[in-house]
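Okay, so here's just one chain, in structure tokens, the form predicted on its own.
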């Protein structure tokens, strides 16, 4: 089982969109995929066509009542299951404050699914609290969606230094950042290209170190800005169900193929109905954003 947290401290960079559509693309490839909505806003739940309801238990029941995942998850597509969220999850931070081992509740719950699921994708909240710590403690890999703008770059720096490094050191030594996913990409802008080049240079400079992102890379597949990706959640559909011939569907199909390690020339199953010949899109340093060594903020340090 491959376990991946999709995370960025900054909101609005495409975490939920990436989780929903990457999960759908992997399921189309015949893999059994579990998507976990770990955000009280329940956007992943809505995106995949489920209603956020407290009576379903969902991830809140898993975290607070030891509800087994296979009793709390919903089948939303062929090969795709959802562990839904609800606004009640916001109370979990307070309810778990005195629970022993609260940082690894999700890890223990996911372990029971190891023989049943091929991929676990966790849509993390845009905050550095107990839910985020649980997600990072439960997975082996981290994907970081990044909109190539200055503020998103700052969020990436704090996430790497203040959170991922700390969790890897104290709780989950197997945790590593696998890749950065470029979202809402506009290749024709100088700012986007400068940010991407800087991220790539920063990751290259980390090779051979013991930091959790020493082997990370920027995925070749980029997610171009596409209005269909913004429209699909309002219909409770993945981009492959809503607009399978749009650039958004092509981009996420390519991303799934790259995640699976498929050769670039192979057409992913999720892209088989997409249009052929789809068009392509034509100063700050990461070293200034990410400090080494890191001094964790008191809130995260107290949690772990």
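In this text, all values refer to a predicted model and were calculated from it rather than measured experimentally. Positions refer to the first chain, counted from 1.
The following text describes the form predicted together with a small molecule, which does not appear among the structures shown.
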{"item": "Contact stretch among 166-174, 188-196, 217-225, 85-93 - heavy atom within 4.5 Å of the small molecule in the model of the complex", "value": "217-225"}
{"item": "Residue 229: touches the small molecule in the model of the complex, heavy atom cutoff 4.5 angstroms", "value": "yes"}
{"item": "Non-hydrogen atom contact residue 41 with the small molecule in the model of the complex at 4.5 angstroms", "value": "yes"}
{"item": "Non-hydrogen atom contact residue 129 with the small molecule in the model of the complex at 4.5 angstroms", "value": "no"}
{"item": "Residue 184 within 4.5 Å of the small molecule in the model of the complex, heavy atoms", "value": "yes"}
